[in-house]
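Presented as structure tokens, the chain that follows is alone, the form predicted alone.
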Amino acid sequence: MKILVPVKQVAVLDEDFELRDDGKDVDVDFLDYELNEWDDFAWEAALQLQEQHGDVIEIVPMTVGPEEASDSLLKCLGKGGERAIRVWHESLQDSDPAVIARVIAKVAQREQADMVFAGTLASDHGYSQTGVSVAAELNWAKAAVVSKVNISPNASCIQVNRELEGGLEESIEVQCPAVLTIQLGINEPRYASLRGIKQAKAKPIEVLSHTDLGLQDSDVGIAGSRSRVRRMVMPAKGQAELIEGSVVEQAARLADIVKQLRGGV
């Protein structure tokens, strides 16, 4: 069984930041990057299954991003796995989740993967669309917000628990092959050892372009996207007031505030 685990290097804002001149994103000078938290849990889930079943399960992390995104793959390989895949070309710039899902699906087909473990969402944009879109591209079964996985290699079905609203969990059977989106708390992601980090640098990271996957320029980037960012704005800052004094004084001040909000009526 082969499990493909898409991971993303997400943007982390500095305390103070500015938008780009075109107003469509944050200026990169004000961004740091790290492995998406949800993807860390997804990779740990794959690692634990490999440890449980041995070499019969192969796990492969992949990402869609420029050379700097290799840092997230190295973090994964520092914990386990023997190789990784990175897909990038300048034509992929500004691709929406639908395009990223299309690329991941093509990699899954190329790798003849049996399962895809994706994080439920990414902490920078929070679309929660990539994993389920991959399932749609592949026409595979899917289970979202998964909190427990029970897999036997070569089984036609797997057992998973998924989170519902109100603290409820649903236990379901999913037909294989399938895409699972992994929720926080399903496990406790390990730290990479110093030895693992050193070994990761010697492990191969295959670099592909979209054309290697049979995609054209018109299939990716803005041209292939179903949505696009029109503009990004800073939300208006609210205000607060600490009301001091006696209970009577506080009540009087509250009454004044209410009157002001109602237009002095």
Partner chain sequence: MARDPKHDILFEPIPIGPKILKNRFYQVPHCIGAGSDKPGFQAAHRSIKAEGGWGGVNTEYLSIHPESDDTHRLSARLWDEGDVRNLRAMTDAVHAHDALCGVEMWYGGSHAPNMESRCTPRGPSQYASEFETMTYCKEMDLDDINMVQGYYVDAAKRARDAGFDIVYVYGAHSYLPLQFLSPYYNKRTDGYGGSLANRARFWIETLEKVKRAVGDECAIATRFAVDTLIADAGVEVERDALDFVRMADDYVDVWDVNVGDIAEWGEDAGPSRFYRQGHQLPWQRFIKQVSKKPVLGVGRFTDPEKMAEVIRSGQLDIIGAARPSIADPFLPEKINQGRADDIRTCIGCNVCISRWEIGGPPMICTQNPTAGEEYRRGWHPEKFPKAGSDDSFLVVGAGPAGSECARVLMERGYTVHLVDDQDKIGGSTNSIATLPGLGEWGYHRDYREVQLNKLLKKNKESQVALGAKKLSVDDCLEYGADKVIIATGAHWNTDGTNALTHDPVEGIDTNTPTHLTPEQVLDGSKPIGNKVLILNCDPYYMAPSLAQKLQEAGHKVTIATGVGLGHYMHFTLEAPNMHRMMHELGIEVVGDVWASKAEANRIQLYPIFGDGYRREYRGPGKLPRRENTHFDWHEFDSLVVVTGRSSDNELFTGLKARKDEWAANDIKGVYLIGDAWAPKLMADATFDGQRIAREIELEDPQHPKPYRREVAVWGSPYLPGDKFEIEYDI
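Residue numbers count along the first chain shown, from 1. Note that this is a predicted model, so its numbers are computed, not measured. Heads up, when I say rigid core I mean the largest set of C-alphas that superpose within 1.5 Å between the two forms.
The form predicted in complex with its partner chain is left out here; the points below concern that form.
J.: Just give me the single entry in Val132, Leu138, Leu184, Ala192 that has a non-hydrogen atom within 4.5 angstroms of its partner chain in the predicted bound form.
T.: The option sitting close enough to the partner is Ala192.
J.: By the heavy atom within 4.5 Å rule, which residue out of Ile197, Val26, Ala69, Leu213 makes contact with its partner chain in the predicted bound form?
T.: Spelling it out, the residue with a heavy atom inside the cut-off is Ile197.
J.: Arg228: heavy atom within 4.5 Å of its partner chain in the predicted bound form?
T.: Because no heavy atom of Arg228 falls inside 4.5 Å of its partner chain in the predicted bound form, the answer is no.
J.: May I ask you to check whether Asp32 falls inside a 4.5 Å heavy atom distance of its partner chain in the predicted bound form?
T.: Answer yes; at least one heavy atom of Asp32 falls within 4.5 Å of its partner chain in the predicted bound form.
J.: Under a 4.5 Å heavy atom criterion, is Glu165 part of the interface with its partner chain in the predicted bound form?
T.: Judged by the heavy-atom cut-off of 4.5 Å, Glu165 is well away from its partner chain in the predicted bound form.
J.: His53: heavy atom within 4.5 Å of its partner chain in the predicted bound form?
T.: No, His53 is distant from the partner.
J.: Can you pick the stretch from 44 to 52, 198 to 206, 215 to 223, 230 to 238 whose heavy atoms fall within 4.5 Å of its partner chain in the predicted bound form?
T.: Single hit among the candidates: 198 to 206.
J.: Asp16: with the rigid core matched between the shown form and the other one, does its Cα shift 2 Å or more?
T.: After core superposition, the C-alpha of Asp16 moves less than 2 Å between the shown form and the other one.
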